[in-house]
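Just the one chain here, the form predicted on its own, laid out as structure tokens.
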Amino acid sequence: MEHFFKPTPIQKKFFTPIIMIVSVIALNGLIFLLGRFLFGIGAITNLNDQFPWGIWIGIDVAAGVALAAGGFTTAALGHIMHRDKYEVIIRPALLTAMLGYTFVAMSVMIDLGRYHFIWHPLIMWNGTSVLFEVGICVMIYLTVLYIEFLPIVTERFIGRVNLPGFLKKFNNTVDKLLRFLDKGLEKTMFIFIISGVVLSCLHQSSLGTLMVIAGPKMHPLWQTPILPLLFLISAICVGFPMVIFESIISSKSFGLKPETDVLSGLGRMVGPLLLIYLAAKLIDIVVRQTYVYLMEVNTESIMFTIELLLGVVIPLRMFFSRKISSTPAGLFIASGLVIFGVLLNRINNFIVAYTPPYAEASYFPSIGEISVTLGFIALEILLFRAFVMIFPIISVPQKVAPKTKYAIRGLFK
């Protein structure tokens, strides 16, 4: 018997000891989130007129957008470049991106003083505002992600619609609707895939533009005219490591064998991308002569060094090592370092490097801010686990007789 890989709902028990701990973290975050809506943003955060943003922007939004980049990088690789070998990782990457951007939008909403005005950019356009461009691109891209996910929904429920109780009479109608959607999306999906890649490149870079506008409020180690380019390259760099990281954790959690061949192929692409990012970063600090700030021993120089060494240089060396990048453990550690590096980069740009003009004390997140951030991460994990158990997202090996394997390959191509 030979094997081929087919996306299939995972048949496992949902709650495990680790998932129960994650559920407690999620519940704790939701309690503090409720407090934010009932008593105001100042009641559970350390944000004020001096520090208008904190980790909800630095981590939940800026880092969240970057770490969800696996959606557009794998879509470009699999659908636009037609690298069929990587089809098996596109659906999990799409789900990760969809959940990531959903919580990014929620994070923006809870960070707004008047959260109920989150819809304003939809009708109050300001074409000269970078923040408007980021907001509108994220909203459109999130819509595109949900549209890209629809074929997975139709695949799961076409011919299996079984509504309960009095809703049974709508089974046939819902099934026809699903078939209509599936047929229409099959012919138009390429438009949404291309749009998703373009929109992602736009808002990933524009987040960097926001901090360029900050001007002297930012430390010179990070303040550079090429910050939009660095943000875009770093997002592309972290896309594949995020997919590798998530894939290995999912395989371990569900008792599946990691797709080492596919993941190693992704890993071989990360090394050159990190090299391009490192070169751009080093050339920038040499041209602007900001390397002199590295001679000072302070929070900024230490954080910059950690970001570059742990987040770029060490994983760069690891991804260029065939021995390390051909093992799940090596790929997991190297990918984890890249993720840490991009996360730290966004924290550095939006929090460490940023000094509000009227600040009289240092900012440190409150228990409420940390709880909500960890709660959102926990909720994403829980939702990811639920989705892969309901929908055909993760590809698992299917046994097939040698005589029929070519027919089945053609069927699922």
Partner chain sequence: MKQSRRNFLKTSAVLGASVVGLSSAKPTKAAPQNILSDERMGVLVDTTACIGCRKCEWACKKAHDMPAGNIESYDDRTVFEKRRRPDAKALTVVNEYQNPNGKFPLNVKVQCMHCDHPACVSACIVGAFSKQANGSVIWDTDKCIGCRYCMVACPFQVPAFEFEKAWSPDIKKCDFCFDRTKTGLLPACVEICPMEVLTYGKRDELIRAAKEKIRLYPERYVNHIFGEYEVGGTSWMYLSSMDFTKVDFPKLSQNPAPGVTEAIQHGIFAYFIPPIAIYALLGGVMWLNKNRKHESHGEEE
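Since the model is a prediction, treat every value here as computed from it, not as a measurement. Residue numbers count along the first chain shown, from 1.
Absent from the display: the form predicted in complex with the partner chain. The rest refers to it.
Annotated contacts: V198, P228 and A359 all touch the partner chain in the predicted bound form [non-hydrogen atom within 4.5 angstroms]. Just one listed stretch, out of 311-319, 92-100, 244-252, 130-138, contacts the partner chain in the predicted bound form at the 4.5 Å heavy atom level, and that stretch is 130-138. Contact check for A329: no non-hydrogen atom falls within 4.5 Å of the partner chain in the predicted bound form. Among heavy atoms of M81, some come within 4.5 Å of the partner chain in the predicted bound form. Although the partner is absent here, T154 is not a contact residue: none of its heavy atoms lies within 4.5 angstroms of the partner chain in the predicted bound form. The partner chain in the predicted bound form is not approached by M295, whose heavy atoms all lie more than 4.5 angstroms from it. In summary, among the residues A105, L112, V174, I302, the only one with a non-hydrogen atom within 4.5 Å of the partner chain in the predicted bound form is L112. For the residues L337, L210, V262, I285, the 4.5 Å heavy atom test against the partner chain in the predicted bound form is passed only by L210. Contacts between 258-274 and the partner chain, taken as any heavy atom within 4.5 Å in the predicted bound form, involve no residue at all.
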